[in-house]
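Okay, here we've got a single chain as structure tokens, the form predicted alone, with questions on binding and movement later.
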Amino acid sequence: MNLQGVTVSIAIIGLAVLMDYLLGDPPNKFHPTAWMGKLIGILEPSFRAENPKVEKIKGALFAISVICIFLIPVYVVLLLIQRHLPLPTCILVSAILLKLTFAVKSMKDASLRVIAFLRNGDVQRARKHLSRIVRRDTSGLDQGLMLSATVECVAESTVDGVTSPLFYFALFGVPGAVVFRVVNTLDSMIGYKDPKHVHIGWFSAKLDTLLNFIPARLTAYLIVISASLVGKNSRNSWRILRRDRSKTESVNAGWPMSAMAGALGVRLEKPGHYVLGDGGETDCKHVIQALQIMMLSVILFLTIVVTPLCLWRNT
């Protein structure tokens, strides 16, 4: 076993998590994910085609191109610092790059802002802020549906915002986490089934589904365990997970969301699409409880999944 490799990997993760806890995310103008989004928006028209089959092929090339644009510089930078700079500097740079692929504090802060606005009776600002973290139209949502959407976002973001990038870091190092973040950003921008994106975004959507497949299931199981550890109903979490995990259009999103619905004993609903759980309406306290479960699930994921994978990768 390469003990130095294991130690370095653990140090990178620990420092990245500490950065997230203390600092959160940088402003958008300094955040690579925002740069990814801008680049995708700029390049997308160049990969359009009138023929659906051609646009599907160009959509795949589009995704691969964007991945390479971000992966190659990261790989080269890491290679150069490993060869020419001292180990502490390598760990610091790697930790910064890894931190930029996941977000716990920003998800927590965004969710708390929504409930703060609702508690102050400022429904319009709550809707506006919620629209920044969920895909759905928030303009007509009442308080219950806004809180439901917030809990759903916390549950789903536990996967694509935290555990998935950490999973691919454990397997492939910082480049793995960066590739996941690019793919997830592509999916969030063009991975839709509406007429405008169904062809150009199909490859990005399929790739995102594939990459989230294992982390989504592992995270859902850890949500069940976390529910028990924070005094919530783990048995109901397991029951609702087994019953409702396939109700969402996404083959991955239903797993953490249904586990969270059962853990909290609430009904999570996206009108016209799905209802998860069979409890009561979501309340502000449930958002706070969901965040607690999210935090514990991440800790368990780091302990039970990421650390053993780092050991395996360095064997």
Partner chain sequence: MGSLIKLARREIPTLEPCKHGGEVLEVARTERKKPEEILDFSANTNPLGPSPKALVALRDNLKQISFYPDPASFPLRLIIARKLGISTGNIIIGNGSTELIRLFAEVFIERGDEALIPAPTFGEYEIAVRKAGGKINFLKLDPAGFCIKADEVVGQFRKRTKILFFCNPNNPTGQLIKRKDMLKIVKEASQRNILVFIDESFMDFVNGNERFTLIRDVRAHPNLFVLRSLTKTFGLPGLRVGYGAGCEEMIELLHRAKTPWNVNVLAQIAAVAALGDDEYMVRARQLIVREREYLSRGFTKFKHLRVFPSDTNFLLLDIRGTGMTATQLKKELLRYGILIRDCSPFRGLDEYFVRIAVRRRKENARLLKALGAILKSERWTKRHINEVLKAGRVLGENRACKYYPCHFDGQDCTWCFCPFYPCKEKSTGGEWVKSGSGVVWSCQNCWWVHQPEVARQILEELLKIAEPLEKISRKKLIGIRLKILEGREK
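Source: prediction; values computed, not measured. Residue numbers count along the first chain shown, from 1.
Below: the form predicted in complex with its partner chain, not depicted.
In the model of the complex, none of the heavy atoms of His197 sits within 4.5 Å of a heavy atom of its partner chain. Although the partner is absent here, Gly121 lies within 4.5 Å of its partner chain in the model of the complex, judged by heavy atoms. In the model of the complex, its partner chain lies within 4.5 Å of some heavy atom of Arg125. When contacts are judged by a 4.5 Å heavy atom cut-off, Asp283 counts as touching its partner chain in the model of the complex.
The stretch in contact with its partner chain in the model of the complex, judged by heavy atoms within 4.5 Å, is 106-114, chosen from 188-196, 106-114, 89-97, 72-80.
The partner is absent here; in the model of the complex, the one residue of Ile57, Val251, Val275, Ile288 having a heavy atom within 4.5 Å of its partner chain is Ile288.
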